[in-house]
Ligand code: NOJ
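Presented below, as structure tokens, is a lone chain in the form predicted on its own.
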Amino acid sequence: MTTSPLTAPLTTEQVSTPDRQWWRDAVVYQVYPRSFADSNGDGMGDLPGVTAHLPYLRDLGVDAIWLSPFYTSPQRDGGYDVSDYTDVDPRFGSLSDADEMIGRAHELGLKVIVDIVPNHSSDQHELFQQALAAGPGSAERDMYVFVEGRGEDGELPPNNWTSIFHGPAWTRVTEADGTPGQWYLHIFDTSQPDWNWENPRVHELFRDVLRFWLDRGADGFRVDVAHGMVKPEGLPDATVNAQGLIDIPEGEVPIYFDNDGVLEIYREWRPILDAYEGDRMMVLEAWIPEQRLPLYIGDEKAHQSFNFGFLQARWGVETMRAAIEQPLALADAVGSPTTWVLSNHDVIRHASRYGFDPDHSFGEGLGRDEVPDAELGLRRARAATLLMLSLPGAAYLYQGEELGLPEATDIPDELREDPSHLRAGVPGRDGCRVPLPWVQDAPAFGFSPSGESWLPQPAEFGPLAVDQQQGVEGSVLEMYREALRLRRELRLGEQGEGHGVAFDDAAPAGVLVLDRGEIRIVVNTTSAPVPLAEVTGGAEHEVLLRSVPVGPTGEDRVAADSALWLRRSR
């Protein structure tokens, strides 16, 4: 791979220095291993494929990578159904491949964050199989949430909880003697039984898992379903609405999430991470009301929690500003950095989300009949990215967003693997998990040497391949590279005195303007260009970066649905 002068590789010293907590302002790139790069031609991405492409990520300008689960798993839920937390699934490689990947990343100055899945395991986990065999009342069953059913013969589920993946959250087992037996809880798929965090042995198990990966060099953990491990005492029924469905008021979460007991787990884990050199960290996937976030993060708890309000904000000044101001205030209250994210493996890619009217009602994935305005969506996505990368705190990128990849919708139903699709027929999350395009004219767009791909890649991925964008002025890839270079140079990720965010209330209607010291960020959310003079306050300025190339409207305008970074003259 070649690089342009503006995208020259960063040195290790630039990427990571020992005199700062790297995670506070890091740019983290999420790798979904199945879809990143396939080294052996079996159509599924693997750890050697990740290792081979680490220089690309170093040159992109990120500080760290976060890998979705690569542990031994039946892959009923994309690896989030773990059957062995301390081994690598053969489809992804081996423990030695993991060691090589972590070592090579460190050589390149990249930190490595691994996923940990503590709410549930796979039903193929050795301990769940032992629980099934041991029977009711056993120590083995107490590792999971097994409960007697209701009704005269226990034929009814223990309560009315429903699964995130649709249908009941309970499955009844058949005991060794062939009779119907207890029910086990699975907030997600039936193949993902929930651990019983009331059992001290579960705590011990996960303390050992943390140490296993920390000992192998992991720099941190992304905690899956971080708000879900501890269930309410007595497992009470949830309230239901007039339609008989579980009632979840707007801004709240289901009854089995966000119970205070889960906070004690992070107080238990934090000393383990603190005992290791190198500022090891954890970031939480906690879909909770924003006002609850300070309870999860701080000096004795987790280091960060994802700010999903920013991801969910619709295109427009009011919603985007609110998604910035409140998280910053909440994080500042506990002395922790906030995080910013626009896409991940669970949501519709933002290049497609922004291609709809802001009032569009999204379901679970995009259906074939939901056709975004692709050009508008990508244009807005580029602008939203520049806004995100200008903010203080950590930023998380999802693989392929630096290429402007859209959501893939034309996936045959028989090839979809998302449990929500299999259980309820919704499109699900497969559309954001399609393998990456590296080389337009190579088999599987360079993803696999054999041309195999576990999910089909749409034809529009070809022109978006890395080799088609690298070194091309104005491409999405080069915009990301330049934004990341400037973000570091201008210290935009830093927080504290002198690094705050100040909004300009005098900005034109439909234009979001904020200042980061001498840097002014402008996002025009309207469909018409805006004169630069209206957003500069008459001050002399230098345009550092635009989300779209200068068009017919000229250099003295902020183009429609675009963003730019300005440096005001001193």
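For every residue, the number given is its place in the sequence shown, counted from 1. Bear in mind the structure is a predicted one, so any value in this text is a computation, not a measurement.
Although it is not shown, the form predicted in complex with this ligand is what the next lines describe.
| said: If the cut-off is 4.5 angstroms on heavy atoms, which of these, 353, 380, 222, 303, is the one near this ligand in the predicted complex? | reply: When this ligand is considered in the predicted complex, the option within 4.5 Å is 222.
| query | Just one of 104, 488, 314, 345 has a heavy atom within 4.5 Å of this ligand in the predicted complex. Which one? | reply | Here the answer is residue option 345.
| Taking heavy atoms only, is residue 192 within 4.5 angstroms of this ligand in the predicted complex? | Yes, residue 192 is a contact residue.
| field | this ligand contact at residue 213 in the predicted complex, heavy atom, 4.5 Å | value | So residue 213 does not count as contacting this ligand.
| message | Test of understanding: in the predicted complex, would residue 165 fall inside 4.5 Å of this ligand by heavy atoms? | response | Residue 165: yes, in contact with this ligand in the predicted complex.
| request: State yes or no: in the predicted complex, is some non-hydrogen atom of residue 285 no more than 4.5 angstroms from a non-hydrogen atom of this ligand? | output: Yes - in the predicted complex, heavy atoms of residue 285 and this ligand come within 4.5 Å of each other.
| Is every one of 77, 80 and 433 within 4.5 Å of this ligand in the predicted complex, counting heavy atoms? | Yes: each residue has a heavy atom within 4.5 Å of the partner.
| Where does this ligand sit in the predicted complex: which of 466 to 474, 224 to 232, 326 to 334, 124 to 132, heavy atoms within 4.5 Å? | It is the stretch 224 to 232.
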